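As structure tokens, one chain now follows by itself in the form predicted alone.
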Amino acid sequence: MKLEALNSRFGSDRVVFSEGNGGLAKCNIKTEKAELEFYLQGSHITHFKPRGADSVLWMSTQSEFRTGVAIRGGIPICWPWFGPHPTDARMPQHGFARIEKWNVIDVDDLPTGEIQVQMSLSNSPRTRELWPFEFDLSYRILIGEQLKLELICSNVGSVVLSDIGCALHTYFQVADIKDVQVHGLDERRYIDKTDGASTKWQSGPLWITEETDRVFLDSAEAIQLVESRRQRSVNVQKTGSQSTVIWNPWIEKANAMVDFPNDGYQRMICIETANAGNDVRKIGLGGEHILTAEIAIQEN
């Protein structure tokens, strides 16, 4: 659907569709409670800012905005696998949902002052080349003082969907990574992907002092991101997820990525609501899996 048609059907003084970076279609939403921006490619949220708070999400200043290329930062949707494809290295990293163009299904202006957007992605000849299964994805974005996300995968085919990996790969903006503590992972096992995928245990809050790429297992509870000097915390509640991914590339990997500024690691951390590691899912015929994340900000 063209921009004119999107604005005619869904637009308002608070919801505007326009051409964004690289000529990609985007939507800007502004309410009394918050503002948000997302791109139709990947249904990719690139900005969220509650009223009176700082911007929540980190975006790379070197991100490529091109058709079929993943956007760096914000909230990518990883699906139907997380990380590299389990058997074919030629397949796109983190699946194809984040590089496909999604469809706008509905935009609701709610009596609460919040706005809810519903997006969808279904199997197509292009997706079947990468993954030969039938599916419907629905993504609901609720914009208020908190950001509520709901990703629903429905099996509309004739075979069971096995080993479905997924993540809401959220990049949070921080003032100084050395001041960051992550709570909610104490006494949890994790897979350390920087150390040959060895299994280790977390003790106490997590501090980021080096390259960090961890898949925390048996992690269903809320996660808190605390910046003490900035007097700010972020709370991430979730459902449909028993795993949490924490990622920061640190110095060498940041320098090696063309779409990531060399010093960008100092101002970001990924806290990902995931189905990863031993938490991949099976969806039976006619079944569905629902993954949710709710992001709340507290400025102290």
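Values in this document were obtained by computation on a predicted structure and should not be read as measured data. All residue numbers refer to positions in the sequence shown, first residue = 1.
Separately, the form predicted in complex with a small molecule exists; it is not shown, and the next lines address it.
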If contact means a heavy atom within 4.5 Å, which one of 32-40, 60-68, 243-251, 47-55 is the stretch that engages the small molecule in the predicted bound form? 243-251
So the small molecule isn't shown here. In the predicted bound form, which residue out of H85, R188, K148, R72 has a non-hydrogen atom within 4.5 Å of it? R72
Taking Q93, Y171 and D213 as a possible spot, do all three reach the small molecule in the predicted bound form with a heavy atom inside 4.5 Å? yes
So in the predicted bound form, is the small molecule close enough to R140 to count as touching (4.5 Å, heavy atoms)? no
